[in-house]
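A lone chain, given as C-alpha cells: the form predicted alone.
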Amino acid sequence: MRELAGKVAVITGAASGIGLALSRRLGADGMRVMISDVDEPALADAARSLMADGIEVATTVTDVSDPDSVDALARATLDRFGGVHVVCNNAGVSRGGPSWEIPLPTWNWVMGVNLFGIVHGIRSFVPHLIAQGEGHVVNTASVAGLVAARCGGPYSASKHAAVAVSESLYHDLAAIGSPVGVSVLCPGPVRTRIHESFRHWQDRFGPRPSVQDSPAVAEWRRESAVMVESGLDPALIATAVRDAIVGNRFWILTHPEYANSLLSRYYGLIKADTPCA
C-alpha cells in the first residue's frame, strides 16, 4: 500500500505502548483510525490524545480473545468509516515463570490474546481486504517468536505461533493472487507495560490465578521490568511498521543486536544442536 492518506486502519491493544504509537504514526500519515483495547478508560484517554493531534479516530472496547468481540470491532469499523485497509493485530499480554509452575488458565489467557487475537482478526477482517483487492495485515509477534528464552513458555509459544500464522497467511494470499500484504513485527524490548498486563485479566478465563509470585516468577518480573524500561521507544517501532506497510515487507525486525542469536538458532537447528540461549 503506497498511499495511506484517507485510508482506514484498525489497531488492537491501542490504548498504550506499541498500539498507541502505531495509531499516532498511521494517523500522522492521514489515515483514519479505529483503536480498540480491553481497558476502556485508557482507550478513551488515548483517543483524546490522538484527536488533539488532529487525527480522526474512533474507539471500540474489544477483547481480542473473544471472536464475537472482534467481529463486533469489524462491524463498528465498517459502520464508522465505510471500509478498512490496514489491520494491526497488536494486542498482547505476558506472564512468565518456569513452565511447570504456570497455571493452565494463564496458558489459556496468553494464547487466547496473543495467538487467537490474531486468528480472530484474520477471520474478521481479511475477507474484506480480499474482496476490495487492497489492504495490509500487521501481526505483532516478538523476537521471542524466533528465539525462546527461559521462563517464557506461554509467551514464546504464542509468539512462535503468531509468526507461523503470519507466514501461512502470506502464502494463502499469494496462492489466490491477492495483493493484500502481510507483515509480522518481531521486536526485542520496547518501553511498554506488557510485563504488567496481568492487571487486564479477562474473567472469561476464570478466576485470576494468585498473584503471589514464586521466587522464580518474582525474578522474571524484575528482569522483565529492567528489559522493558531500557527498551526502544514505541514510536521507533511504529515508524518501522509504517515503512513495512508502504514497502510491502513481510519481516519487521527492529533490534539488529539479536541477529547472532537468530543465526545461532538456525545453525543449531541444521546441526540438530541444543537450543541457543
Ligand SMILES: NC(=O)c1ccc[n+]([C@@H]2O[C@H](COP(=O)([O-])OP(=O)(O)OC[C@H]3O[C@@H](n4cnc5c(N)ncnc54)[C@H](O)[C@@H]3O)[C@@H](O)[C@H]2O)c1
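Just so we're clear, the structure is a prediction, and the values are computed from it rather than from any experiment. The numbering used is simple: start at 1 and walk along the sequence shown.
Keep in mind that the form predicted in complex with the ligand is not shown, yet the notes after this line are about it.
S.K.: Can you check whether residue 200 is within 4.5 Å of the ligand in the predicted complex, heavy atom basis?
M.R.: Contact check for residue 200: yes, within 4.5 Å of the ligand in the predicted complex.
S.K.: Is there a heavy atom of residue 187 no more than 4.5 Å from a heavy atom of the ligand in the predicted complex?
M.R.: Yes - in the predicted complex, heavy atoms of residue 187 and the ligand come within 4.5 Å of each other.
S.K.: Does the ligand come within 4.5 Å of any heavy atom of residue 155 in the predicted complex?
M.R.: Taking the distances in the predicted complex, the answer for residue 155 is yes, it comes within 4.5 Å of the ligand.
S.K.: Quick one: does residue 77 come within 4.5 Å of the ligand in the predicted complex, counting heavy atoms only?
M.R.: Because no heavy atom of residue 77 falls inside 4.5 Å of the ligand in the predicted complex, the answer is no.
S.K.: Picking from 87 to 95, 100 to 108, 124 to 132, 165 to 173, which part of the chain touches the ligand in the predicted complex when contact means heavy atoms within 4.5 Å?
M.R.: Of the stretches listed, the one contacting the partner is 87 to 95.
S.K.: Just to confirm, with a 4.5 Å cut-off on non-hydrogen atoms, which of 119, 194, 148, 151 contacts the ligand in the predicted complex?
M.R.: Checking each option against the ligand in the predicted complex, the one that comes within 4.5 Å is 194.
S.K.: To verify the annotation, which of these, 47, 238, 228, 217, has a non-hydrogen atom within 4.5 Å of the ligand in the predicted complex?
M.R.: The residue from 47, 238, 228, 217 that makes the contact is 228.
S.K.: Would you mind checking 132 to 154 for residues with a heavy atom within 4.5 Å of the ligand in the predicted complex?
M.R.: In sequence order, 140, 141, 142 come within 4.5 Å of the partner.
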